[in-house]
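Form predicted alone, single chain, as structure tokens, below.
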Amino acid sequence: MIRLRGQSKSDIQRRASWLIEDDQLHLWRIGLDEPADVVDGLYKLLNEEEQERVAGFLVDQQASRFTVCRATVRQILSSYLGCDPQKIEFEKGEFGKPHLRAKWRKQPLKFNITHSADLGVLAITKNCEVGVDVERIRTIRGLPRMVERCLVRTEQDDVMNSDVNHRGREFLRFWTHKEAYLKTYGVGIRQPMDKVTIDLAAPPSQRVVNHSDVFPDETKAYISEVWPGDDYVGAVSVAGTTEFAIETFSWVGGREHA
């Protein structure tokens, strides 16, 4: 399991750009609850479409967290690309997965972002597609129905045979593994969760037992469990079966992490 503790922004500032090797996976832990003055500064980094999305939120906290998440992704990627965060341009794949526009692919970065409650996690690789998902552990209404709808029989048994107080957590462990895997290949939860079978006890390169032809070709993934912090579970998935050297970092509202 990967614990998301790492170097702070001050460590990154010592280099003109952040380097990543072909066999490395970088995970960034992002705190999303920031003071209003920090949020206001980060808002200026967003493009017009992102600012329009901020205006569409009915809850101030959701707007603030979205702002911090999107602006921080720009800041972090700019550290790798050596450019102004505001100038980075994105495009979406067929099912909505964001990518860098072609003009920014001189350094072939792949990335994926996830957020839940007050926490975001950004995963970055070089060349290999990546997917990441985190969820805050919580009481899940209609848990038996969710388990039946999203998990295969063996997974259902694992969840429902666990301690009653831990069933929500065990369900979310399967959920995050499946979503990270589906996000790796850009399909997200548009594919039924119960079409993917996960073995949480297997080595990272063998955790996908079956994907029921949800992809046109056989696909492989190296999936590791992520421990983002208290009351969270998560997983990160990289295309292929190669073991990656994983480094973890923290970025808090564009400020040095205490």
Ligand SMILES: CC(C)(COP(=O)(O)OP(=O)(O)OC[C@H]1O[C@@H](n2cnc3c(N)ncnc32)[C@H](O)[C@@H]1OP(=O)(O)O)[C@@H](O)C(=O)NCCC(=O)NCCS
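Numbers for residues come from their place in the sequence shown, where the first is 1. All values reported here derive from a predicted model rather than from experimental measurement.
The protein also exists as the form predicted together with the ligand; that form is not presented, and the subsequent description refers to it.
Asker: Do residue 183 and the ligand come within 4.5 Å of each other in the predicted bound form, heavy atoms counted?
Answerer: Within the cut-off, so yes.
Asker: Evaluate residue 179 for contact with the ligand in the predicted bound form, applying a 4.5 angstroms cut-off between non-hydrogen atoms, and reply yes or no.
Answerer: Answer yes; at least one heavy atom of residue 179 falls within 4.5 Å of the ligand in the predicted bound form.
Asker: Can you check whether residue 114 is within 4.5 Å of the ligand in the predicted bound form, heavy atom basis?
Answerer: It does: once the ligand is placed as it appears in the predicted bound form, residue 114 has a heavy atom within 4.5 Å of it.
Asker: If you check in the predicted bound form, is residue 155 within 4.5 Å of the ligand, heavy atoms only?
Answerer: Although the ligand is absent here, residue 155 would stay clear of it in the predicted bound form, with no heavy atoms inside 4.5 Å.
Asker: Looking at 82, 144, 108, 98, which is the one with a non-hydrogen atom within 4.5 Å of the ligand in the predicted bound form?
Answerer: Answer to the contact question: 98.
Asker: Among 187, 88, 128, 137, which has any heavy atom within 4.5 Å of the ligand in the predicted bound form?
Answerer: By the 4.5 Å heavy-atom cutoff, the listed residue in contact is 187.
Asker: Given that the partner is absent here, state which listed stretch (228-236, 195-203, 63-71, 36-44) has heavy atoms within 4.5 Å of the ligand in the predicted bound form.
Answerer: Contact criterion met by 63-71 only.
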